[in-house]
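Only one chain is shown below, in C-alpha cells, and it's the form predicted on its own.
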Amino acid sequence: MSSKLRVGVIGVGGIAANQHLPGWASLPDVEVVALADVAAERLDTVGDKFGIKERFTDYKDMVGLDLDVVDVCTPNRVHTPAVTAALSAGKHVICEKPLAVTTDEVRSMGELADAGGLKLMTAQHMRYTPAAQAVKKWIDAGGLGDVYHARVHAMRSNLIPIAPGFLNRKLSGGGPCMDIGVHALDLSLWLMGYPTPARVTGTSKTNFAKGTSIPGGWGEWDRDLVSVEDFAAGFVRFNNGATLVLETSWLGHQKEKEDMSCQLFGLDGGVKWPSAEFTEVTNGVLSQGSLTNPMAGPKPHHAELADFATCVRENLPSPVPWTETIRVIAILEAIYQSQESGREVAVRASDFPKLERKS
C-alpha cells in the first residue's frame, strides 16, 4: 500500500460530487485517482472540478487500476455488480446505502469480501452525527438497559426525489424504504445493539407520487416513471422479544417538512434521536435531560470515509459490516413481501451470519 490510499469512485452524481469527493479531499492520506460514470459529460464536469484525470465510462475498466479502495455511489440496483467487480479485483469497498436491495445480494458480496480478506462497508453516515454518537455512548454506558420497543420515522411531507434513479424500481429497488427508511432503521438497530429480526408485518403504497395533489419541494418529477411506493410501514418482532415500528414516506400530509427520528424505550431509560433527549428514574424520581457530544468533529459523510480509511490502513473491522446491513435489508425486504402476500413474514435467524463485534 502506498503512502496515500488510492481511491476510485464509481458514480459521480450528487452524493459523490457533494459529499464523497469533498470528504476524500479532506483526508491528507487519501488521493482519488479515478472516476467512473456512464454519463460522459457529467464525468468530465466532476473530473475537471476535482482535478481527477483518470475517467472511465465503464467501471469494469476502472477497477483494474492500481487502487486500494473503490467507493460506489451509483443508483441502488448498480451497487451489487459494481461492488462485486471491485471486490473481485481485490479492492476494499465502501458503498452508499443500501448496500443492496435483497439479502441474497448482501450475503453474496459479504462472503466475497470475507473470502478475499477485504473490507466492505455500507455508508450509513447518520451514525456519525454528533447526536447519534452522544446517544450511543449513553446507551453503551447502561443508560437505556434492555430495549423493549422502538419507534422509527423517516417521513417527508413533499420531498420526493426527482431523479429517475429513485423513482424507477429497476434502478432503485424501492421507494422511501430503500432511500431514507434504510437510514433511520440502520441507526435504530445500531443503537439497539442489532437484535435479530424474527417476524415482519408491512405495507407499502403509492398514494401521491403519480398525482398532483402534493407539489414536490424539489421540483417536478416524471409521474409515468414512478414504479415505487411513496409510503411504507412495518411492525417488526425480534428474537429477543423487542418490537419496532417503522414509518417512511416521501409525500404525506404532515406539518414537518421532514421527520427523521427514532425513540427507544428501555427498562432503565428512554432516549430520542436526533434531539438526544433522555428520561430515567433515579431513587424513585423521574428525570429528563439532553445529551451533548462536545466534539463537533467533521461532517458525517466525511467522518464515515475517514473511519473506513482507518480500518483499511490498520486492518480493523469494517465500521458498518455487512453482517449488520443484512438485517436492515431483511426487514425492508420483508415489508415488501408482507404487502404482496397480505400476511406476516417470518425472517429466519439461520439466514444471518454472526455479528462482527467492534471494539
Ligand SMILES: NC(=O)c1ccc[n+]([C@@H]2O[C@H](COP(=O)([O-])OP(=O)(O)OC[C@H]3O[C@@H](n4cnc5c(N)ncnc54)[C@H](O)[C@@H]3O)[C@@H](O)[C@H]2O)c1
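Counting begins at 1, following the sequence as shown. Note that the structure is a prediction, hence the values are computed from the model and not measured.
Same protein, other form: the form predicted together with the ligand, not shown, and the subject of what follows.
Taken together, the three residues A39, C73 and F166 all lie with some non-hydrogen atom within 4.5 angstroms of the ligand in the model of the complex. Annotated contact segment (heavy atom within 4.5 Å of the ligand in the model of the complex): 95-103, selected among 95-103, 251-259, 226-234, 201-209. Contact annotation: K272 falls outside 4.5 Å of the ligand in the model of the complex, judged by heavy atom distances. Although the partner is absent here, V347 sits far enough away that none of its heavy atoms falls within 4.5 Å of the ligand in the model of the complex.
In the model of the complex, H183 approaches the ligand with a heavy atom inside 4.5 Å.
Although the partner is absent from this view, V12 contacts the ligand in the model of the complex, with a non-hydrogen atom inside 4.5 angstroms. Along 318-342, no residue reaches a heavy atom to within 4.5 Å of the ligand in the model of the complex.
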